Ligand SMILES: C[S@@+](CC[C@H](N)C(=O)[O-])C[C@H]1O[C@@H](n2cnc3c(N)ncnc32)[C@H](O)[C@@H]1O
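Before any questions on binding or motion, here is one chain by itself as structure tokens, the form predicted on its own.
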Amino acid sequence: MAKISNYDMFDYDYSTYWKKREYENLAEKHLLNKMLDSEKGFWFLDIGGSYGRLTSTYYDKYSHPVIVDYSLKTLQKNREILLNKYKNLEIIAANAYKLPFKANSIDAGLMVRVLHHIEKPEEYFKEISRVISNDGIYIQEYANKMHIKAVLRSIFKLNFDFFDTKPYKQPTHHNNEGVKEGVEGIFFNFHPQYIEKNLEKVGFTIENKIGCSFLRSQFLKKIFNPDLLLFFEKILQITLSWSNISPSIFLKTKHTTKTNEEPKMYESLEDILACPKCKKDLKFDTSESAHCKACHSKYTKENGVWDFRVE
């Protein structure tokens, strides 16, 4: 069974991570606004959406957006703030490997700053492929193993094994995001070929590839303000996206499956929900409780947030 990064275990507040990363925040939102500019639809999944940092990039384009995150505490803490700002937003606690949605029920989705916590990306890609509808849009961001500093460092050390396509597990003593000091976390960097190959294997066609956070440097951030860095970032996103030198890469993909089924229109959250364990239909006993008609697993809504987390 794949390990899961559980921020609740250490009461980690993910919003604190972004207090000193305004440049990266602006760069990612700019890129997503560009990728989603002409898109529109009904159901949209933000996998690992946490406290809603990226909600503004898709909320006006999809009428029924859903934030999915494994951290129930984070979702409960930010629920009222989010719903006051985004009236149609749905919030669900779930495991990315076992999403609580019916097959082909989601029009579009994204995962940003989460894949480096995914120990088995191939399993996750199969699951997101299951729920995204035919011709649906999916955006995948990943930490790039082949960014310029890592490549130069490996050449300098004559570490040519680094250039294979296997995921690189970062030493966790330099990054304690979501864990306590001395606790081993899950932090992977990925080779572009590895990600692209595995997405294509489950039916995603890559439409666009754009590098991000080209100027991610503590030195540069101390000298220049975020707006000036963003100005140059926009130029680099246009001129250098053919390369693999950025620390973060975004892929816009389209899901293409061989199916003759007509797409269904699901109007309510209850219509698209399914048992995350066996994928069968749910029966809603009350507005805050449900059970699976097949395996009889029970699920509840706690403080306004559905808890569909299973391992």
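Sequential numbering from 1, following the sequence displayed. What you see is a predicted model, and the numbers here were worked out from it, not measured in a lab.
Although not depicted, the form predicted in complex with the ligand is the subject of the following passage.
message = Please tell me which of K209, H117, K73, R130 lies within 4.5 Å of the ligand in the predicted complex, judged by heavy atoms.
response = Here the answer is residue option H117.
Within 4.5 Å of the ligand in the predicted complex, all of T165, F190 and N198 (non-hydrogen atom) = Contact check failed for every one of T165, F190 and N198.
ask   = Can G49 be called a contact residue for the ligand in the predicted complex at 4.5 Å between heavy atoms?
value = Close contact exists here: in the predicted complex, G49 approaches the ligand to within 4.5 Å, heavy atoms only.
inquiry  = Although the partner isn't part of this model, could you tell me whether K279 comes within 4.5 Å of the ligand in the predicted complex, counting any heavy atom of the residue?
reply    = Flag for K279 set to no.
ask   = Going by a heavy atom distance of 4.5 Å, is F125 a contact of the ligand in the predicted complex?
value = Flag for F125 set to no.
Contact flag, M35 vs the ligand in the predicted complex, heavy atom cut 4.5 Å = No.
task = Would you point out which of 35 to 43, 238 to 246, 64 to 72, 270 to 278 contains residues with a non-hydrogen atom within 4.5 Å of the ligand in the predicted complex?
result = In the other structure, the partner sits against 64 to 72.
message = Using a 4.5 Å cut-off on any heavy atom, which residues of 83 to 98 would contact the ligand in the predicted complex?
response = Contacting residues: A94, N95, A96, Y97.
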